[in-house]
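There is one chain below, alone, in C-alpha cells, taken in the form predicted on its own.
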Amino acid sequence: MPPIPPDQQQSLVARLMQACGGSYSPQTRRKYFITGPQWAAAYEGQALFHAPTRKPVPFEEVIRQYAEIGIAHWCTHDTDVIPTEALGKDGQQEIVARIAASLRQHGLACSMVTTETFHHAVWAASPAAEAPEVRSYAAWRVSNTVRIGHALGAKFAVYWPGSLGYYVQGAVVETDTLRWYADSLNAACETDIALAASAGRPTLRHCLEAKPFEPQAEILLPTSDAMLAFIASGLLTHPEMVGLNPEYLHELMWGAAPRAALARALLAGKLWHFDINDGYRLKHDVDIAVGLVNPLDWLNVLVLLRSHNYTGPFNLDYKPPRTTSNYGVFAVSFPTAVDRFITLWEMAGEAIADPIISEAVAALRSGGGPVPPADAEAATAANRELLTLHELIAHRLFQILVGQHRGRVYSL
C-alpha cells in the first residue's frame, strides 16, 4: 500500500469503520442508560509521563457529538467546565446556563455531577486535611457542586476521594481524616436536602467511588468494601443518601473480581451508579474502553446486573487512547465503546434465557438427593457428577460470547 496523505486519512478511517459493520443506530443507543463524561471526551492524552496528543474540546462540542452518536446523558466534574476561580461566582451561573441550553438544544440530560478534589494545589493534603480552612473549603466545594447538579437537573453526585491518604507513614491520623471527610459529605447532603425541598424535586443519590492506588501512595478508602464500611460507620448524618459508584477497573486493579464487588454492593442495596471501562489486574489506571481486554468477564458482570435488575447509569469512564485523533474520538472511540456495551448487555440477556445454562443451574441447585446431614462422604457422592456443570456453564458462556451457540464454527 502506498503512503496515505494526511488529507485522505479521515476518509480511510470512516470507510473502514463502515466496513466493520455491527453498529447500532443513535436511536437504539439512546434506549440504554449510558452516560458520556465531559472529561473522557475532552481528554487530551496528557498524563504523568505523557504530553497531550489532542486539542481541547469544549463542552458544547462534546454534547453535540454525544447527541449525534446517540449517548443520551452527559456528566462532568465541576472544573471540567468552570474555572476554579469562577466557582460560586457570576461566571459559574453564566457557564451553567450555557450548559443547560446546550443540553436542551441537543436533547441530552445531565445525569451526574462530581467535584474535582484531587488536582488543584489546595488538595495537596486531601480534602480532609488538618487545616480547618481547607476542610471548610472542601465542604463548600462539594455543596457548590450539589447546587450545580440541581441547576442542571442531575440525579447523581459522585465523589472520588483519590487524594484521601498520604505519601509517608505517620503524616496523618487516619481516624481523624475519615471523620473530617465525612463532615464534607454531610455538608453536601444537608445542602442537597435544602435545595431539593425548595425546588420540589428529589434529592440526589450521592455515590462514593473507590480506587486502590493513585494518586496517593496510601489511600484510606481503597475499595468498594471499604466504602461500604465507611457508609455504615456512623460518621454520616444521612447514610441512606449515600451509596456506591464502583468502577470496573478500580476493582480489577488490586486483583479483585469486579463481579464479586458488585455483588456485595447489590446485597447491601448500595449499587447506584457504575463506571464502565476495562484494563489489567495489578496495573495502573489505564482506563481502556469496555470489552477490549476482558470481554468474557464483562459478559459475566452484565449477567449479574441484568439478573438483579440493575437500572442505574453505565458511565463511560475511560480515556480514548493517546494514539486516537480528535476526529477518531467521536468517529471511532465512543461509538464503538457504546456498541460493545450494548452487544454485551444483550448477550447477557441471552445467557440468562439460555435453556442449557438454565437447566445446568437448576440441576446444581437441586442437588443429587437427600443424604444424612452429618455425612460428608454421602453429600460429596450425591453431587460428584453435577459439579462438572460449572465448567459446562463457563463453556456455554464462551459460546454465547463468540456466537458458537448460533452455529459459528471455523473450517480447518
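None of the values given here were measured: they were computed from a predicted structure. Throughout, we count residues from 1 along the sequence that is shown.
Just so it is clear, the following notes concern the form predicted together with 3-O-methylfructose in linear form (3MF), a form of the same protein that is not shown.
- Among heavy atoms of residue 74, none comes within 4.5 Å of 3-O-methylfructose in linear form (3MF) in the model of the complex.
- Residue contact check for residue 339: none of its heavy atoms lie within 4.5 Å of 3-O-methylfructose in linear form (3MF) in the model of the complex.
- Using a 4.5 angstroms threshold between heavy atoms, residue 158 counts as touching 3-O-methylfructose in linear form (3MF) in the model of the complex.
- 3-O-methylfructose in linear form (3MF) in the model of the complex comes within 4.5 Å of a heavy atom belonging to residue 211.
- Considering 3-O-methylfructose in linear form (3MF) in the model of the complex, the lone stretch of 173 to 181, 132 to 140, 321 to 329, 106 to 114 in range is 106 to 114 [heavy atom distance within 4.5 Å].
- Contact with 3-O-methylfructose in linear form (3MF) in the model of the complex, judged by any heavy atom within 4.5 Å, is made by just one of 225, 218, 285, 297: 285.
- In summary, among the residues 33, 39, 59, 345, the only one with a non-hydrogen atom within 4.5 Å of 3-O-methylfructose in linear form (3MF) in the model of the complex is 39.
- Heavy atoms closer than or equal to 4.5 Å to 3-O-methylfructose in linear form (3MF) in the model of the complex belong, across 223 to 251, to the residues 247, 250, ordered by sequence position.
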